[in-house]
Every structure is written in structure tokens, then in C-alpha cells.
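Below you will find one chain, with nothing else, as C-alpha cells; this is the form predicted alone, and questions on how it binds or moves follow later.
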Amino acid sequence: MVAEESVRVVRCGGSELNFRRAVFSADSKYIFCVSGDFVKVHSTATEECVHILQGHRNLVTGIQLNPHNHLQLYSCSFDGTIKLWDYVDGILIKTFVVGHKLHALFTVTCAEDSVFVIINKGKQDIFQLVSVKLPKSSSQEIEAKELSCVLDYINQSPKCIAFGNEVCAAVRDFYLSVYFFKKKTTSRFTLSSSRNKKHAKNNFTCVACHPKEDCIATGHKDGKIRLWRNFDDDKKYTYTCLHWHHDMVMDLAFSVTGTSLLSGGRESVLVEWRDATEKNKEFLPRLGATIEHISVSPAGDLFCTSHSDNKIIVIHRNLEASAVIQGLVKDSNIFTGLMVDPRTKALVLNGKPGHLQFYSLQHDKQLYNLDIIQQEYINDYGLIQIELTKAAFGCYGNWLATVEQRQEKETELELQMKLWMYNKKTQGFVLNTKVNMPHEDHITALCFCNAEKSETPTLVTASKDGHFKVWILTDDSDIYKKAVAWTCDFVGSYHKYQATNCCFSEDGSLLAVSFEEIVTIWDSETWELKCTFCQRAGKIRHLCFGRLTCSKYLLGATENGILCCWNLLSCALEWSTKLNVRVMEPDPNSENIAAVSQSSVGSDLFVFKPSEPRPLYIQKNISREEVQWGVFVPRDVPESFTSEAYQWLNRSQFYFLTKSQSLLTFSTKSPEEKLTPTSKQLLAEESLPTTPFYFILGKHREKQDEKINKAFESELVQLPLTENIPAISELLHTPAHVLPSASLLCSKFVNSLLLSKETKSDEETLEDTDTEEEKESDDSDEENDFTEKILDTNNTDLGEDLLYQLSKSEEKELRKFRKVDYSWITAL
């Protein structure tokens, strides 16, 4: 029974992994990345998330390794705290309360008890780089109020700050500021402003410091990289230019030895400049999206790039990609809405351009991408791209329908519909049918008939051209092979109105199509128009049938803020209410329907049954911004809420996506519990990476080992507990600096582990007495048998020499017969 707690809105993953630079552990086994309010620890070998460091109450804005302890990690957040973690065990060690909103974090080896953070002072656009002294204390939460300003009027992005040999470099607009720690002075260097057309894009975008030499590398908006030297003199400074990027340089990073410089930008190419020369360049192309950040491991054997499509690529020193950590891709527009793959229970929506992404909500990671448009994406702002606008699953995940379009002018519409069939052998979708221009205008909706009794797969599309079309699966076999394909079976319209929505009833017998303000009901067998509903309350925005016991109801939400419910048996309006519905989703496992309305304050949730006028659950202000999409995801294990207000969460969970593409849900569990992956509980040993095969075979082997251990338990000699051995307890509890040399302790320690023959436990003595008694009884039986044999032989006249002695096997058989109970013979 689940404890009745309050339901609250929690973030369910999908946070930005590319918000800040990723950080490697000292041994390159782990990579750390910020993810909303958390810090995620991933394995560089298996890509699995092994820990989630949770404790911040707001967005995490910076992470750095502790330079004085490579097993510890610092993190800062907008909540005004700096936290110190033991990332191996996922334990929070200390919390330093700074009190200011922290925008970035830096650590330097030479600063023993200090870290550097970016804070906002006074005005909104003015930021400072300050040094924060971290006081030493035994308490877990400490106030760190001792701040000292290092640089003023800087950029808030951590890419615009870099630390080198006793210097700190900061860039903003057209200025490069260098702070010298020893002199405690600042030098400023200026480039030509944008007023000059020749230098229109001289703006600084990022900065990096050479780890050993006095050299600073800066990236610029025009794609150039400048290497600054002799910057300790305001007049004698020099810089050289490297130019390959055609657009702005997004990030720079030197290798650990400083022999090469890494750069990245919108070309999705990682460039390695060997010895900082123009001629000696190496490239890693086709990384898939704009490079936002570049990081180098302390060991120097790995690089990593963070990309605009919310992924991190781990790269070997020889420029070969070895691992990809992919988060939820946040596209500029989610046209397809939120869908659930019936097979994998994954969330499906627009991904990178021209793709559908399948995202696991349980593990907070992308499963795979499905390339729908199947064309090379050209990153050009002026180019009108082909957009994936609609998608729908049908027939329990066996079919997928997608619609893509491109419109350069009003009269030049390119429209294409594709139908994909699931292939069990390849475990993926294969293109089956391609329909060019299925309608003359934009397609507004498409839906499959998912009824269990449906014999022929059926798809319906609605369009602004005033028609809806019914597509069915037909036999397309020829002399070469057997095949199936989709073809148009029926075209319907209603007074030349634009078709805006369509949906099937639960049993598939009825089809509802909305034509602007009018809802039409069609028979799915004969495609005859049965009835119409017209309330003149505005264009129908959402349309859905009730389910299970409420299947006789049809609901429609209009653009004028009216929610209507019609009774299909009486063909009359059952009820209506004023509600500005932006999202309306039916629960596939119950009669419940979730409606999200928009108000001036924020978004509100209403959960109701069409048959009851009173809502089951109401929650105000679930989000301050507009909720654009929502979906019910069936639970693998049903919950058991007894409260009537929370029973709608028992069978399914409701997820919704906001305008800023934050994925949220309702739960009684904390976000930490929601995001805890299985790999955290199933952490393998360091020598054995947690691959998918380990999770399959590892458990099986563990069970086999347990069986073998149980079988040998009886044969193994039980050693005494270490707690009872004074030598071991003395060795473990005595401080190391007080203990004598190991050579003196060795003989005493080994002797303490030996078992003495004289000392026996109580159980052993009892067992010994039992066995002795059994032996005595056996011996007495043998003596009795032996005397009987002697008497028998004496009675005969054969002599003493012919005495017969029984063998051991015969004695055992004889004992068995002596133990048999023959008392039943007396009853005869």
C-alpha cells in the first residue's frame, strides 16, 4: 500500500546535458555532466549512468574536480551553494553557503582553500569573477562569506573565463582582460569594433590558456582563432591568427601537454591544431550537431564534446569517437506532439531535424533515432528545411505513419506521407509506402483505428483542403514477391469546410471528424454520415472519444474556450463548460481524461470522467508557462493509491511538455527517486564494466555461484569470527602510526588464524558425543552378532576353524534388517 502523500509536479529527466562543460575524473573512468538540479556520473566505457549527485535546490551551473583530492568533485548552483561530493560513493561531504546566485565555478591548484565563481552584482548584465574562501570545519553546512573580487564586468559564460600560469583571462565583446595573480594587476587588450565593416565580427566568443607556456587562445565570431603572446606588456603584445571555421568559434581547449589546440563550432567538426600551426591540422567530422563545449581529461587520453542536440561524445586521443551519451533532443518546434511507442513504452517526439527520437523515461536516455526524411541536413539559417509535422502509431506498434512538408511560397507546398512497417528481424521500422501529395493542402491530423476486432489496418488523414481520406492496407503482391501496401479507400468532406481533427471510437465502429465548428460522425464500415454536432462555439481544437464505461461520450474543445461533451446515444449535448483547453488527452487504461487549461497566471490541470460533472482532480499552476503537449504512459507496475483524488495515477502516468521544452510529470516520489537508474543499484566491480550482457549473464552466474557455495558450505571448515580474535581486532583498531613493523606482527597474526585441535565449539562437542554413542551401539550390535555366530557354530560339529565372519557390506545390510519394525506380524 502506497503511503498517501501529496502529488507534486517533478522534472522527469530530459534536462540539458550540454549546459556546461563536462568534466573527466582523474583516471578517465568517469565523466561528469550537469543535468538540471543534478550532477550525473557516467562511465566512459559503457555510457551508463552510475550515480546521480542530488542535493541542489536549483539549476546546477558548474562542476570541477577538487585539485587536492581527485576523488572529490565541487558543484555550484543558482541556489547559492557550493557542494563537495565523493563521486565514487555518491555522497555529499560538505555544503558551503555563499548566498549569491552562482553562474560558474573554477578551481586552481595553487589556491588551496579557495575556488572562483561568477556572481551577479547589482545590475542584470554586470558580472564579477570572485574568489571564495572555503573555511575548514567539521560541520556539514558552512557559511562561506569571505569574497574577494578578481575581475569586474565580465561575461557570465564560463567559456569566456580561463586560468593559466599565474594568470586569469576573461573576454567580453571586443575586450581581452588578463589578471596577474602575483602582480595583482589587470591588462586589457582591445580589437577593432564592429563599426568597421572589415572587422564586423571581431567579437570574442571563448578563451583558453596554455597549460605550460604564457599563451592565450581566443575564439571569435568570424571563425578566427587568435594566439596571444607577450601579454605581460601592454605595448609589446603579439598575436597570430588561425582560420578554418566559416562561422563563430564555439569553444577552445588545449591538450594537457599543450602541444595541440582543439576547436569546434557550427560545422560539427572537431579541429585539432598540432603545434598551433595552420598547416598541421587534424579533423573529426560529421559529429551531428553544433559543438557547444570541449573538455580534456586530466590524463590526456580522452576528449569530449558537448553538442546542441543534447549529447556528449567521448573521443580518444587519436580522434576516434568511443562513446555517446545522448539526452532528450530539444528541437526548436515539437510538431508531432508526445506519443508512446506501444512496444518499448518509450516517449516518441521530434528529435534532431528530420528524425523521430525514442526516449526511455525510466532510464532518462535516448534509445534510438529514426531517420524519417532521409536527407542530409544543411545548417543554413536562410534555407527552408523539410519539416516532420505529424506522426502516429497504429496496430499495437506494427505501423507508423509520418507526414513531412516543405513550403517555400504559398503556392509551392511539398507534401509527403510515409508508412513504416515494424520488422521483427531488424527490430526497427522499414519504409513500406510513400505517398506524394496525399492532400492538396496541409494535413491537420492523422489517426489509426486501433480496435482489437479490426481486420484491416485503417488510417485516416484530415486536411485543410476540406477532405478527409481513409487509407487501408491491401495486397500488393506481384510475380516477384509477396507484399502489402497502403491505398486510398474513401474520401469524405462536409460543405467544403476545412477538416481540423479526426479520431476513432474505442471499438473502431465510429469515426469523428471535425470540420471547423462542426463535428461529424461516420460509420467506419460503410463510411456513411450518421450525425453532426454543431454548437457554434468556435473551431474545434481537440477531439476525443470516451473509453470503457464512458465510450458513449464524445468530447471537443474549441478555440473560444468551451469544452463540450456529447452523448452519442441520444445525439445531444450532455454538458459544456467554459475552459480554455490547450491539451486534452484520454487515459488508454481508464475512463479518465486530462485537460490542461491556460490562464493569465499559468497552466492548470483538470482530470475528469465524461460521465461525471465533478472533476476527480484539480491542480492549479502546474507550470508558469504554457503547456503545449501531454500524454498518458501506461505503468509497468500499477500503483495502489486509495484516495479518490489520486486514483487516476494508478494505471498510467501523465507527462507534459512546456513551451521551453521542460518534460514534467505528476508523482508522489521525489525527483531523486524518479531519476535513480537501475545501474546505480546494480553497480558492478571496477574490473567488470556494466554492459547489457553483464546484466543478462551476471545475475545468472551469481545464482550459480550461490548454489555452488551452498553445496560446499558443509565441506568447508568454519573459521572463527574475526571479532573474537584479539590479534585482528588489535591490528584493525590501532592507529597505523602507532603499530610496530609488519615483520613483528606477521607471525602473531598468522598464528591467530590457525585452528587449535583442543578448542571445540559446543555444537562440535555435541556432534562428537552423538557419533561416539552411535559407534558404541554399532559395536555392541556387532559383538552380539558375533557371539550368536559362535554359539551356532559350536552346536554344529564343524569345529572352530570353520568360523564364518561377515563382511562390512553384509553387516550394514544386517543392521538395516534389525532396525525394521516387525510388530505388525503379531496382529495376524
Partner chain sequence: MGEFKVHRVRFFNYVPSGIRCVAYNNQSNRLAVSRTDGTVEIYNLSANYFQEKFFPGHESRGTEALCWAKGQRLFSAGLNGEIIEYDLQALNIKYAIDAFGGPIWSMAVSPCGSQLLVGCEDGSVKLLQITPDKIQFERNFDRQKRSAVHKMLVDRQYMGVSKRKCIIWGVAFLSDGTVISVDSAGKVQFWDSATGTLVKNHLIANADVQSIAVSDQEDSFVVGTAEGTVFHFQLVSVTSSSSEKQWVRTKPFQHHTHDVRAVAHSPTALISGGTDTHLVIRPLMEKVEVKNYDAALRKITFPHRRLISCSKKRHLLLFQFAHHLELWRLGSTVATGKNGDTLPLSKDADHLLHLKAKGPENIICSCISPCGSWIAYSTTSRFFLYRLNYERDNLSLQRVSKMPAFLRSALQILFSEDSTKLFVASNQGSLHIIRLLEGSFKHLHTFQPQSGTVESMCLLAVSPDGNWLAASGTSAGVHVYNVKHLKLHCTVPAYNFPVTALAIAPSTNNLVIAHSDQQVFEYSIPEKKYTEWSRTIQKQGFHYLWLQRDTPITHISFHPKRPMHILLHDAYMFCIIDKSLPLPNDKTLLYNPLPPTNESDVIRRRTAHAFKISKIYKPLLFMDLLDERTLVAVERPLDDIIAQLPPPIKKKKFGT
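Residue numbers count along the first chain shown, from 1. What you are looking at is a predicted structure, and each value in this text was computed from that prediction instead of being measured.
There is also a form predicted in complex with its partner chain; it is not shown, and the following applies to it.
In the model of the complex, at least one heavy atom of residue 239 sits within 4.5 Å of its partner chain. Although the partner is absent here, residue 341 is not a contact residue: none of its heavy atoms lies within 4.5 angstroms of its partner chain in the model of the complex. At least one heavy atom of residue 214 is located within 4.5 Å of its partner chain in the model of the complex. Although the partner is absent here, residue 246 lies within 4.5 Å of its partner chain in the model of the complex, judged by heavy atoms. Among the residues 589, 599, 277, 427, the one placing a heavy atom within 4.5 Å of its partner chain in the model of the complex is 277. Between the options 301, 612, 232, 113, the residue in contact with its partner chain in the model of the complex by a heavy atom within 4.5 angstroms is 232.
Remark: of stretches 205-213, 171-179, 135-143, 82-90, the one touching its partner chain in the model of the complex is 205-213 (heavy atom within 4.5 Å).
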